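Only one chain is given next, in structure tokens, and it is the form predicted on its own.
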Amino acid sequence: MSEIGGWYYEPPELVHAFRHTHLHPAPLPASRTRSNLACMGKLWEKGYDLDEVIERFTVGRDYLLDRDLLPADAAASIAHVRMLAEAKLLARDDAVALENELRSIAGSALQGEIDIRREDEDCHTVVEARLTDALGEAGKRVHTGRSRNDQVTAATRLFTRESLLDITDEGLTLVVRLLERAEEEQQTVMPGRTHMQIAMLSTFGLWLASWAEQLLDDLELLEAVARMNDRNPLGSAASYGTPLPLDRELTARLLGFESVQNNVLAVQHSRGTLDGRIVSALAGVASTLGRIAQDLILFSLPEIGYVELPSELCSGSSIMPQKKNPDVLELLRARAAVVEGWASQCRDVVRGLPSGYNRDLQDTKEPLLRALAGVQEELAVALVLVDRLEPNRDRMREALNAEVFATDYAYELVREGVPFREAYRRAAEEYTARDLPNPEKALAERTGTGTPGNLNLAAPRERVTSLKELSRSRRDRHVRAMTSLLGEIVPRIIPGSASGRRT
């Protein structure tokens, strides 16, 4: 699997190979036959080979996606091993050996040194095969009391927890920058619009702060689904638990989960459902960024010219030499629809499923991982835009006309004792004949909380502080758990850059 800016795509040669085998099924290449993969048998191995066409279809892209989940799977496996040892289901010496080997696997995975092939099916098979190759019988004991169902759910939740922490922190950074710029531009007057037509007096600061508060709403919703995600699924097995004395509370503590997800059948029911809720919350963030982009596309039109995008943020035309195109804004706008599509995919996959595990749930993993990577990238792009945006204050002021102050005139008449409905009628007839009021004076009269003359930026800043504290608390718990399980050299579990963050 390759990545372009965090957006996954499947190399054309894989697509070609998949199509070719449907038309001309053939045996696997000699280098990838069962005899050369003695320790890579499927976890469900029963002595027969799966038809190759069926294998390609059922495995799908899991073997590619799971490369990102390998470190998280290793961490969850260490917690499981420690629990098995405490429950006297695994010898202490075996537990220590397994833990050391799992740490090594996590480190190698973060460096991109472990491959997963289609015949492996998933990361769980590769991890167990490596443990068995290195430790023999001890490696064969690691799956005791687990199903791949609770195993993948645990790994996905750990990966998602770290991703959501990154997204929340980057979202809050964007909110803070929006509020800083709002404070700088709180006296920058401009026309406000409804139905895209001139409405009333506004400021560029009001516009900036409005999106800061909308993003805070989105991030608070994201915090709610992050709490749903922060529950331990291990011990639920394939939906019905096991007859072994598994300590689910212990694995929850070891993995830094806030709580245990109680009902083992509910764990499976939540798998695709929770994916959909997370991606829906991410779609809210993407939608807000898309709407900001739409406004900036309009504001930067030469005929309007309220803002200008620096040249380094614009691409050019291959035929028109004068063009500076706001492609980045157009793609931000489009990605809102893309992320919502992934949310819809998750919701539609689980709609109408019977209880218990169903293989359909495999198809909610990719939209979840795509959305996590995509929205994080969008936030980074939006921060660059907001930071470097150049307002044309003179152009905004020049755009103020009699229409902007028509409602102000109606309220002048109200203060003189004229009933509002009569004042409304008179203002509609007379506003064009009046001299334009002083914009600063009109702005100063808007004293209500959150109005253009009183942005009350302290309120959203308090919300930022509250969300930062929640995020910091969850981050500290996550880092303590991962460090305890994987060691100081693996503080992050998301493959990518040296810091563990995907680029």
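On a predicted model such as this, the values are computed, not experimentally measured, just so you know. Residue numbers here begin at 1 and follow the sequence given.
The form predicted together with ligand ARG exists for this protein as well; it is not shown, and the discussion that follows is about that form.
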Answer key: of Phe257, Trp207, Tyr357, Phe299, within 4.5 Å of ligand ARG in the predicted complex (heavy atoms) is Tyr357
Tell me, which of Ile167, Leu178, Leu215, Val152 has a heavy atom within 4.5 angstroms of ligand ARG in the predicted complex? Val152
Residue-level contact is defined here as any heavy atom of the residue lying within 4.5 Å of ligand ARG in the predicted complex; does Asp120 satisfy this criterion? no
My question is simply whether Asp62 lines the interface with ligand ARG in the predicted complex - judged by any non-hydrogen atom within 4.5 Å. yes
Does Arg146 reach ligand ARG in the predicted complex, with heavy atoms at most 4.5 Å apart? no
Closest heavy atom of Thr273 to ligand ARG in the predicted complex, within 4.5 Å or not? no
Out of the stretches listed (362-370, 321-329, 178-186, 135-143), which one is close to ligand ARG in the predicted complex, meaning heavy atoms within 4.5 Å? 362-370
